[in-house]
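Starting off, we have a lone chain in the form predicted on its own, written out as structure tokens.
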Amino acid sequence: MLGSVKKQSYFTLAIIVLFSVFIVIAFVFLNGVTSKLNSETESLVHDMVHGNTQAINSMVKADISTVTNYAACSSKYKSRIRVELMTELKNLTEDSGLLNIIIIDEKGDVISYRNEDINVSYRDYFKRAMNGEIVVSETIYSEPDGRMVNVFAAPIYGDYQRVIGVVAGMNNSDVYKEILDLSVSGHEANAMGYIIDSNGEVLMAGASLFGDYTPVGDNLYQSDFVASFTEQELAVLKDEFNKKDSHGMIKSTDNNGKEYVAYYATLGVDRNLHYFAVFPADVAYGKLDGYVNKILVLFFFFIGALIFTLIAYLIFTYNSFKALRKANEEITKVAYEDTLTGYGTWGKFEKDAKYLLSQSYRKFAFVSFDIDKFKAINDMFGHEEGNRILKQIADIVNRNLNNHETFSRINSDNFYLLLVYKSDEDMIDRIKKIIYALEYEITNFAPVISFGIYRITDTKLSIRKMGDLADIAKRTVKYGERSAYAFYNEEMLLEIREEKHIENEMQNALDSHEFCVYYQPKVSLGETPYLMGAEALVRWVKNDTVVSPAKFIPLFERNGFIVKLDYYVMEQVCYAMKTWESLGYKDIMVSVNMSRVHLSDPAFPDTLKSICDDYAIPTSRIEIEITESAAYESLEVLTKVFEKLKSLGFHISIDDFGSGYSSLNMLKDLPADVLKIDRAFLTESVNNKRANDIIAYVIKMAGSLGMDTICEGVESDEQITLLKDLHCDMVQGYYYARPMPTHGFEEILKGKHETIRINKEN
């Protein structure tokens, strides 16, 4: 009996020891798993919010850069022609993507392209900007726009660094709210985001989780979440907000016992701006603690049955892992899935790209592309349709990917692709395939897509840097008339630097009259050549060196400066013609080139008329040249502009006829006086019967429409003979004269009743 009790005691002791060991092992194992899952979950939360931080940072940085750059160039805004200034503000607003860009004078009066009579001197952003600050305002109501906006303001400095005004850009607050609003598991408002300043003032806000909803303008430090901090925790948070590039996570419990996790990060554009996002703890980490408590209760409840307890432990542990895995999958979906397209986010793309590039036996190319003027598509068809098109683009790109490749929509209509690189020819074929698919499947408008390709030669570069290099290549083909692509090379970087140098100097060059007008004679093809007029051509003469127009004209058309330059040339031509009148030459006709950029300005014809009136030059002596390619953007708009110019008395010339694809069709609609045949036809025409037949047909067709013809680029006796035989009305080219300064053209004027032929060797 004693032996049996003793054995039973040993058995009981063995069970107790075994159970104790089991519990210790279980706790160690569970604690290790819990720590690992918590660590992975925190990493996913960081990735998710980090992507939003980068997106917010990029948008705010771009908006601040727009107003600060323009403010730096606006020191002389008070002396500018108001209509010219309003046109510039309109172009800048359309190019920047902002809702409106305005200039505010020292009294608070607004200058905008909308010509609104508004005073904003009472606005806080205006007062702070007048004190020399670069300001990002809280969300405010804009009466002219009828919506909530955020304002980006920068001071304009005059002489002696005195603030003489403010440049302000407004952006729809919904643009930021779309990024600030975070959703986990598909439920709205279970995660929120704010942009605040270092004092805790809320500038922009997404959804709210708390009963004391924190509106814009309130202080985040007074919310339930932050109010629950200890003094030490609050002091640490405020200290972090005063550091550069600070970020981190905080756990806390509000006054109602609800647990939350917050992520904070300083925005790179301004260390006084911070991103603050809050998640419910059960969404971010799962209900791990609750499952652990259930397991412990079961252990003690079934202490007498070790096997049953082990089985119960395994069952509930499995359920715990399943729940935690589900929570992690939900967070992963938010962190790595673009809610608009359903494909990977920037964070997912960056992670996958790093992994693929680590496989050194493959070569890759980094591709960046976007749709030119996508903002106009949103304005025309609405954001919902724009989003549908972006989803359609993502589907097309996804179908054209191979194994070991990835892509992502970075923001708006900007996409990045990492493609396996075999050769330039193979890469071009793949790009063309994507272009064809986009043009075929997007039916409600004709997309113009710009591609930049960086052949990855240094895998140590950051993914962001590779994207920058692809973007540089993309910039070289943007704003063309058809989809195009370009491979990155070092010369592109030099070209961008040169363009930046030109942009830094262009306004000073205009003010200093470095832009000079040259004149190339137009000559009749009668029995004796006579001077019929001239074409005004702009040249940039800097330090006795002539800068090629090819270097600055395309750039000025992209950045809008061409508007100023064209009006400047018009004024110089009128001034010269007034001088020629005093010399007795009152019937000379001068043609002036105008960029198609003007077509978007309804006041363009009246502005030209006003310049002529200022110098008392009849509009009948001015011929406006506009290239035929302007018809690609809108033949209807071009026709209305031509009709308005004709009603004001101007002559109209269609320049570079034959260089495009709609030439014959558009002639029936455009009320033009002169057809200027592109030099490309003349290059091969002398010994090319088909080219001769085309020129003959164009000349005959123009005559039947009541239009004169002029052929440019004439350089030889053979070409002169050919054009005479074809009854072309006028020519211009090196055969008679090169473009020349004003004084040189005046010498020709003095002999205009004699032959215009000059010695080509001179």
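Keep in mind it's a predicted model, so treat the numbers as computed, not measured. Note that residue numbering begins at 1 and tracks the sequence as displayed.
The discussion below concerns the form predicted in complex with a small molecule, not included here.
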property	result
Contact assignment for the small molecule in the predicted bound form, among Lys644, Arg114, Lys78, Arg539, heavy atom within 4.5 Å	Arg539
Option touching the small molecule, based on a heavy atom within 4.5 Å in the predicted bound form, out of Ile140, Leu340, Ile553, Ala691	Ile553
Non-hydrogen atom contact Ser548 with the small molecule in the predicted bound form at 4.5 angstroms	yes
Contact flag, Val714 vs the small molecule in the predicted bound form, heavy atom cut 4.5 Å	yes
Tyr734, heavy atom within 4.5 angstroms of the small molecule in the predicted bound form	yes
4.5 angstroms heavy atom contact with the small molecule in the predicted bound form for Leu438	no
In the predicted bound form, segment of 143-151, 530-538, 130-138, 411-419 with a heavy atom within 4.5 Å of the small molecule	530-538
